[in-house]
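For reference, the chain that follows is the form predicted on its own, supplied as structure tokens.
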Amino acid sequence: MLEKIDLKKKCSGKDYKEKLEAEAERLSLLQRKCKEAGIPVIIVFEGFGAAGKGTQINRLIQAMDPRGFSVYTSNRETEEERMRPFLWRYWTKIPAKGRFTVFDRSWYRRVLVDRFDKITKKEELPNAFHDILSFERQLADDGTVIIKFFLYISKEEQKKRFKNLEESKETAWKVTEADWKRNKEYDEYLKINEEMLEKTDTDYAPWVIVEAMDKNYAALKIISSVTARLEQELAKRAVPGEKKQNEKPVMKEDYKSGVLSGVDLTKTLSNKDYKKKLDELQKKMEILHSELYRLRIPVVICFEGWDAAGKGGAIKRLTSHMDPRGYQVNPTASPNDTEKAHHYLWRFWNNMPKAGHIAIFDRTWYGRVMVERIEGFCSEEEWKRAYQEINEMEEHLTNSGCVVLKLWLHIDKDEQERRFKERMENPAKQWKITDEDWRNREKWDEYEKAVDEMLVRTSTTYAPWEIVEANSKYYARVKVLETVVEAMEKAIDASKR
């Protein structure tokens, strides 16, 4: 593939200046248009060492308003980043609507440098490629424009540039032993890069190969590629109802025979048995939490359920014996303006736990396929697409060693009404009930249909749903603890094998 690229292409100084000026004006205008249209843009720079990524990024951004972009350099993972899924640091850097993020190296490090250095094992590659493709497709589906450049130079040119860099004290630090190793084994590293390009060249995030032997030619190709792509994307969005090339038809399915209708809500527990089991399980949690931290196992616990189903009470009993330094409870409210300006999963990625810690979500990303679906806060296309996006996110978490637990606390409509009235009559609990709760209750049947579909489509082998019969608060709290304890014990046993 790459060996067929003509690396002799050049551009004279005069042509470069004339063409660059025209392209720079176009890019400046297009940046403003993207801001007005609320289009987030990601520009990725990959390629061989000394191919000029830093130089080309600097030339590109000269034409742009610095208030509208960020540049992120992807070096070796920090200790903080190593303790999280590898895409976490990129999810937290994605641009808001109307902004640009330029990545000097990116998530492809996982399947390039880290693969060459044997940090990424061979058996980890399929999952890594799958996670990368899912990441890019989710962003593209949400409206992000992804432009990827691969800067290509020959082995001889790379060697020459390394030597030139080493001759100056100011630049010698840029060349490492690892760089020379990749130059020495250039053909092997070339194959790794070719495989990456073949596996990740998609219609929604295609690669642009840049012949980078001549820096002027490379700069013009990069800026003209960016302007052409942005003009194309702006034109596409200007036509109402136009389908994206990568849009796939969503199959309609009938979930009339619901999951929730078969739940036995008569299950209960006496006060005596409740106190006994609660004490035993909380003591176990105390030990297991410490062991999880020692073994560096991250855990995500998701609480969903009807209003007044008892999520808060269950979380309180779950965490009562846990070290507060090792867990974080994340209550999910309506997204603020900053969160609305990003992909809907962005705010959750910002709260994912590092290795050995527990993140508890009181309501989660599943709001996309429940409240946002029912209340019309997202389009039908968006919530139907979300099932796959959510499954892929959870798969990436589990691929990285995270335990993902999902609990749906289920009560019936009569029990909810009783609890609502109880809250209204108790001054200490009146704050828990709002007009919105009563309005949501009027749409019970719609929500039940949405929940049934959610449970069917997102209960996976790696992150299954556990339905908690919650008409009895005692029974529900104990079942939550039993479920979490069992999952933690399994994860700990598996890590010791």
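Start at 1 with the first residue shown and count on from there. Predicted, not measured: the structure shown is a model, and the values here were computed from it.
Keep in mind the form predicted together with a further copy of the same chain is missing from the figure; the text below concerns it.
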| property | result |
| --- | --- |
| Leu397, heavy atom within 4.5 angstroms of a further copy of the same chain in the predicted complex | yes |
| Partner proximity in the predicted complex: Gln416 to a further copy of the same chain, non-hydrogen atom cutoff 4.5 Å | no |
| Residue contact check: Gly310 to a further copy of the same chain in the predicted complex, 4.5 Å heavy atom | no |
| a further copy of the same chain contact in the predicted complex: Glu79, any heavy atom under 4.5 Å | yes |
| Which of 209 to 217, 129 to 137, 155 to 163, 280 to 288 lines the interface with a further copy of the same chain in the predicted complex (heavy atom within 4.5 Å) | 129 to 137 |
| Listed residue (Asp114, Glu233, Asp142, Glu372) with a non-hydrogen atom within 4.5 angstroms of a further copy of the same chain in the predicted complex | Asp142 |
| In the predicted complex, the residue from Trp383, Tyr189, Phe103, Phe86 that sits within 4.5 Å of a further copy of the same chain by heavy atoms | Phe86 |
| Every residue of Lys97, Arg296 and His343 near a further copy of the same chain in the predicted complex, heavy atom within 4.5 Å | yes |
| Heavy atom within 4.5 Å of a further copy of the same chain in the predicted complex - qualifying residues of 341 to 360 | Ala341, His342, His343, Leu345, Trp346, Trp349, Asn350, Met352, Pro353, Lys354, Ala355 |
| In the predicted complex, shift in Cα separation for Pro353 relative to Phe129, 3 Å or more | farther |
| Residue pair Ser400, Glu198 - Cα distance in the predicted complex, closer or farther (3 Å or more) | closer |
